[in-house]
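In the block that follows, a single chain appears as structure tokens, in the form predicted on its own.
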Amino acid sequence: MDENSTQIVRRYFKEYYFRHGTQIKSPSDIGSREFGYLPFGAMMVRHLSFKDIGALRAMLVREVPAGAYCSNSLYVDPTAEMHLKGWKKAELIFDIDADALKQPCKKVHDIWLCKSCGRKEFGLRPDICRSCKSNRLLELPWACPMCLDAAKKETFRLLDFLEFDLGIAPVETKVYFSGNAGYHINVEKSAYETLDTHGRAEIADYLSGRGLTPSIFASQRLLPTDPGWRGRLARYIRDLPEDDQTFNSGSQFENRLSELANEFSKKQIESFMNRFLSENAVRIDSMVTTDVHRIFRMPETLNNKTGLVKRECGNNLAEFDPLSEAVALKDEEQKAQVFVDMCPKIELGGRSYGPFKSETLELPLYIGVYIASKGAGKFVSGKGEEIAAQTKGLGNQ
């Protein structure tokens, strides 16, 4: 972002923390956790510690970071260098990113940019630039309601695995919209907290179905009541509709199982297994789950990539609308002049905007913050001080 846009976005963030800082709750064992923050235009600051949530809230208003983070690990000394912290345990964390799900709508709203000639277009990134034939291409992903709905469905699938395969009670899990393009799932006070990186990698591999091979058919008879992947596979075979045309032996489970084991070729079995895994495995960012020293964006803080809130979804994930409920300061009366370089249709705060390309428009401030944070435009009128004077509650403090 240019300096003027950074100043306006930063002021928007400060207004949010001034008004809504009390929504940021203290994590358990706050004194044993490492904190960090990302200043606007600077490097990450890490190895911080806070004794209480009040000190953390004060820091957010004082420093107004672009991002605020907290470890899922507990340490003897969270302010020490990593190898001296004294790791004790860590909550299980999962990250589901809509962009990784590769929904068909990406070809409509994603943008690619040629770093050689500057050509920019909507659509999936080609192998080479259509103008200069360079392969130095950058992808600029966006998340639409369809993308986020797919991420929500993936989250439900993960929650099902956690409860029925890993024995994690729903009361131990919290689901958050990341503030950008997906969901974070946090498992608190479970039997898995003392697992090291390798143990967590085993969990990530299990959820993704890694290592599951066609030999599962040759071991022993599958039953829908079997635990784990065996039961999931058996139920998948049983529940395929009769008109699916995968099997020639009708809808009876026993007949399908016999056909699969005795009549399918090796290639057919592998194709069936790939289909089963694509429809049943959970697509998570395994690096997030296995890294016990990561600091994670704090709930109810703002995401620097969008200006939206990382918000807990509560007890009704199905009804949670991230593009409405995660807007930080929804004030339709507060406008700003924004030059939009290029962005797809935006659905935010219950309204739609765009698509835009090389246009200067008057937009609600929160839409301008979203566009500027995505790197798709900049504020062209109103200095940060002028925007501050318009804000309600904080004024020129």
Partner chain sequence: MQFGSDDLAKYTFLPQAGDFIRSQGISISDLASNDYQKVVKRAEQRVLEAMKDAKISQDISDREIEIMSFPVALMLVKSTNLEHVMSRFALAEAIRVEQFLKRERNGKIIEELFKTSLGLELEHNYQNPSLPDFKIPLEEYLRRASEFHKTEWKLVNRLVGEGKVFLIQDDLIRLIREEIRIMIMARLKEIKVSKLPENLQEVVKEIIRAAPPPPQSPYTIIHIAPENYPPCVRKALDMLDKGENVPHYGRFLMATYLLSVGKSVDDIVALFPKAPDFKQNVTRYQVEHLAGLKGGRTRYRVPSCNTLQTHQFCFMDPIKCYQITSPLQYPSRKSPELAKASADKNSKSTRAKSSSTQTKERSKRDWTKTRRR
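Here the structure is a predicted model, which is why all the values come from computation and not from measurement. Positions refer to the first chain, counted from 1.
Beyond what is shown, the protein has a form predicted together with its partner chain; the following relates to that form.
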Among 260 to 268, 312 to 320, 145 to 153, 191 to 199, the stretch whose residues bring a heavy atom within 4.5 Å of its partner chain in the predicted complex is 191 to 199
The one residue among E325, D77, D99, D165 placing a heavy atom within 4.5 Å of its partner chain in the predicted complex is D165
The listed residue (K89, R235, K305, R210) that reaches within 4.5 Å of its partner chain in the predicted complex by any heavy atom is R210
Honest question, do K14, P126 and L138 all end up within 4.5 Å of its partner chain in the predicted complex by heavy atom distance? no
Is R130 one of the residues lying within 4.5 Å of its partner chain in the predicted complex, judged by heavy atom distances?
no
Discussion item. Given that its partner chain is not shown alongside this chain, does F276 nevertheless sit within 4.5 Å of it in the predicted complex, heavy atom to heavy atom?
Written reply: no
- Applying a 4.5 Å heavy atom distance criterion, does D244 contact its partner chain in the predicted complex? no
In the predicted complex, does R230 have a heavy atom within 4.5 Å of its partner chain?
yes
Checked 74 to 104 against its partner chain in the predicted complex; residues with a heavy atom within 4.5 Å, sequence order, are E81, H83
